[in-house]
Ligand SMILES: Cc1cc2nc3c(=O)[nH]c(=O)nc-3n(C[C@H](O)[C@H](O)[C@H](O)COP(=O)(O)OP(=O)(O)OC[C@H]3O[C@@H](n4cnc5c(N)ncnc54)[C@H](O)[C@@H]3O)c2cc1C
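For reference, the chain that follows is the form predicted alone, supplied as C-alpha cells.
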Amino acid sequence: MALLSPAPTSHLAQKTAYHPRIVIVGGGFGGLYTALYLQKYRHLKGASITLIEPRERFLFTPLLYEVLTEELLLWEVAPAYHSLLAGTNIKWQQDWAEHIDLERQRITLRQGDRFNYDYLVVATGAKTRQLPIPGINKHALTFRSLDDVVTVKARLDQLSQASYPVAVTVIGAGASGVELAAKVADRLGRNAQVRLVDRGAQILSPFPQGLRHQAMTALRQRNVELHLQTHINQVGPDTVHLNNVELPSHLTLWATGTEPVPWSGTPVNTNDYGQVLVRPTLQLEDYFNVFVVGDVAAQQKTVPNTAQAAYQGAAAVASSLAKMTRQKQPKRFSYLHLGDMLALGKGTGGVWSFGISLGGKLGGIIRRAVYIHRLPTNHHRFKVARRALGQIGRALWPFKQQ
C-alpha cells in the first residue's frame, strides 16, 4: 500500500504539491518544532500552515526548574507564540481542537471554527498521570504548566521567609522529582527539610548508573531525605501520610509521570497506554496524510517520552511533509538517543552522553548551553544566551566600574 496520501483529483494533487494546507494540533515540542522545521523548505513558503494551540506561551520544560532558583526568568523559558512565529508563514490559532474528522479532513475547534487540511500533524502531548491517593488533587501541586511554575515559585518565596522549620515533600523519584527536590533544597536552604518519596527501590530507575550516582551525591549534599519503597496513603493541606505515618508537609509537589492526552475525533487504534499506533514514518495506519508525533505516538520501537524524542520526531515529520508535497515517499523516523541531562541544584547538573558522565558545575554549564542551543528560534536563543553570558561575566569579574 502506498504511503502517499491519495489525491482524489488532479487539481488537488497539483494544489497539495505546491500550496498544501498543513494543520498542526498542539504547540509543544512536537507541534511547534514541526512548524518551525517546515520553514527550512523553500517550496513550502507558499503553504498554508496553521498551528492550533490554546496557550499563549510555549514552555521549554527542561529549563523550568531554573525559574525556581531565579537562574532564568519566565520570559526565557516561556516565550510567547506570537514572538516565536513572527516573520514566518505559520498562522497561530489560539483555541482547542475539539474534534478531528479524518474522513472529511477537518478540524473543529472549541469556539466553533473549522479548518480543512491536506496534511495533519497531531502533537497534543501528555498530561499528569492521575494517582488514586486521597487529597493529592486538592493539596499537591504539579509542575507542568506556566501556572504551576508561577504558583510553586510564589509558595517557595513564602516558605523562604517562614520563621518555623519548613517541610517539603516531592512525590516521585524520576527525573522531574529529583530535579525539583534538588532545586527546592537550594532555594530554601537550611530552613527546610526536603523529602523525596517513591514506591520504587531506587531513584531514576531508567537512567544510566553514572547519572544516578551524580544525583545521589547531589541529594546527599543537600540533605534531601530519601523515602524509597514508601507508600503514600494521603495528602493533606499541611501533612502527608507515608506508610501510615503522618508527617508535616508545607508544600507537596507531585512529579510522578504522565499519560497521553486522549485522542478526540474519528476512532484510531491505540495501545494500552492510550498512545496512537503509527507506522515507522509516524503516519497513521489508515490515513497517510496524518502524522502523530511526541508523547501521544506509539511507535514500533520504544522511544522515550522526552523533549529530545519529540523534536527529533518533529524534524522527521517536517522532512516527510516536504517530500510528500513533491510526490515523494515520506521519511522513516529513526530515534537517536544523544544522552541524558539533569538539573541537580542551583548552577549544577548531571550529563551522560555516549558513555561519558559529567557532573557538578561543569555538568550544569554543559546542560544549560545544550538547552539554550535547543530553544525554538535563533532570535530567542540569542537573547537568552546573551543574558547567560552576562551572568557568567559578572561572576568572573565582580568588580564594579567606578
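From 1 onward, residues are counted along the sequence shown. Since the structure is predicted, the reported quantities are computational estimates derived from the model, not experimental observations.
What follows is about the form predicted in complex with the named molecule, which we do not show.
Contact with the named molecule in the model of the complex, defined as any heavy atom within 4.5 Å, is confined among 357-365, 30-38, 344-352, 373-381 to 30-38. Every residue of the trio Val25, Ala97 and Arg144 has some heavy atom no more than 4.5 Å from the named molecule in the model of the complex. Think of it this way: in the model of the complex, the named molecule has a heavy atom of just one of Gly125, Pro330, Gly172, Pro79 within 4.5 Å, and the residue is Gly125.
With the partner omitted from this view, the residue of Ala315, Leu74, Val261, Leu277 that lies near the named molecule in the model of the complex is Val261 [heavy atom within 4.5 Å]. Using a 4.5 Å cutoff between non-hydrogen atoms, Val235 does not count as a contact of the named molecule in the model of the complex. Remark: Ser320 does not count among the residues lining the named molecule in the model of the complex, judged by a heavy atom distance of 4.5 Å or less. Residue contact with the named molecule in the model of the complex: Thr306 places a heavy atom within 4.5 Å of it. Looking at Thr252, you'd find every heavy atom of it more than 4.5 angstroms from the named molecule in the model of the complex. Residues from 53-71 that approach the named molecule in the model of the complex with a non-hydrogen atom closer than or equal to 4.5 Å are Glu53, Pro54, Arg55, Thr61, Pro62, Leu64, Tyr65, in the order they occur in the chain.
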